[in-house]
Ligand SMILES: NC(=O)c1ccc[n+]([C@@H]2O[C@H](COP(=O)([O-])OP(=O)(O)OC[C@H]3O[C@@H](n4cnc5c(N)ncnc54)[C@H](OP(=O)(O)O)[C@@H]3O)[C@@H](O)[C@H]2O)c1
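Encoded as structure tokens, the following chain is the form predicted on its own, with no partner shown.
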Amino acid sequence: MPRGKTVFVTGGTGHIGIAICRACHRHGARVIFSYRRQRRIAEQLLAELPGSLAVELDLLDVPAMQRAIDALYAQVGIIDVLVNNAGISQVMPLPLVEEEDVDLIMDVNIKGTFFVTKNVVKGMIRNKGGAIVNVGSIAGTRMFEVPVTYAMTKAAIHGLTFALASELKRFGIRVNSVVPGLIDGGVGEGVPEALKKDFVAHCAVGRTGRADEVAETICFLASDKSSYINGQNIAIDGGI
């Protein structure tokens, strides 16, 4: 559990992001989260989690992102854990996808994640340690009826996890990812009922997942209790 640690969660106002923030706070961490447009939800979360901080962050604006993270370090001094949760999806069939659609999802889900990590990691290296947990998706590892653009970015997150774990090991920084299956709420709300039933039929647990189940796994990976886990993509899918 990340008790006493400072945890930075990107996309903290999304369905899974809120669950991550709540779980980290419940386990005794100081929670910092980013948001883009959901200011009202951010204010509600700040009120719910005493001692937390919110940072407005646009993953499409790399220079502004760098300045925001520099300012954050100047304020808090240390970030022990980074949870790369922010991301978008596009519900669009392949023949209708245009170049700008691909650019957008690549810029947010991959480029944005890369540069958030780069700027947070600089502080972790100075502080000689840390943990990073990336949020992937079963869409990037298995054959599912999901938007192609979303699946390819989530597959990239898995590769990013391996490469970061290898490069950052000499600085005492561990990098893992969680790979959720079909989760109730959030992106899962847009999944057709027939696909939900098919998922449940092939799921060993016999149900869809919950955001808090993803969050608790992230808290474990962020904690010193998982000190021998590194470079892993850990499925949270009920057994598919």
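The first residue of the shown sequence is 1; numbering continues from there. Values in this document were obtained by computation on a predicted structure and should not be read as measured data.
The next section is about a form of this same protein that is not shown, the form predicted in complex with this ligand.
Peer 1: In the model of the complex, which of 159-167, 133-141, 118-126, 91-99 comes within 4.5 Å of this ligand (heavy atoms)?
Peer 2: Going through the listed ranges, the match is 133-141.
Peer 1: Test of understanding: in the model of the complex, would residue 108 fall inside 4.5 Å of this ligand by heavy atoms?
Peer 2: It does: once this ligand is placed as it appears in the model of the complex, residue 108 has a heavy atom within 4.5 Å of it.
Peer 1: Using heavy atoms and a 4.5 Å limit, would one call residue 64 a contact residue for this ligand in the model of the complex?
Peer 2: No.
Peer 1: Does at least one non-hydrogen atom of residue 60 fall within 4.5 angstroms of this ligand in the model of the complex?
Peer 2: Residue 60 belongs to the contact set for this ligand.
Peer 1: Using the partner position in the model of the complex, report whether residue 36 sits within 4.5 Å of this ligand, counting heavy atoms only.
Peer 2: Yes, contact at 4.5 Å.
Peer 1: Each of 114, 155 and 231 within 4.5 Å of this ligand in the model of the complex, by any heavy atom, yes or no?
Peer 2: No: no residue has a heavy atom within 4.5 Å of the partner.
Peer 1: Could you tell me which one of 29, 69, 182, 215 places a heavy atom within 4.5 Å of this ligand in the model of the complex?
Peer 2: Of the listed residues, the single hit is 182.
Peer 1: Since exactly one of 203, 173, 53, 187 fits, which has a heavy atom within 4.5 Å of this ligand in the model of the complex?
Peer 2: That would be 187.
Peer 1: Can you list, in sequence order, the residues from 83-120 that come within 4.5 Å of this ligand in the model of the complex, counting heavy atoms only?
Peer 2: Read in sequence order, the residues that approach this ligand (within 4.5 Å, in the model of the complex) are 85, 86, 87, 88, 108.
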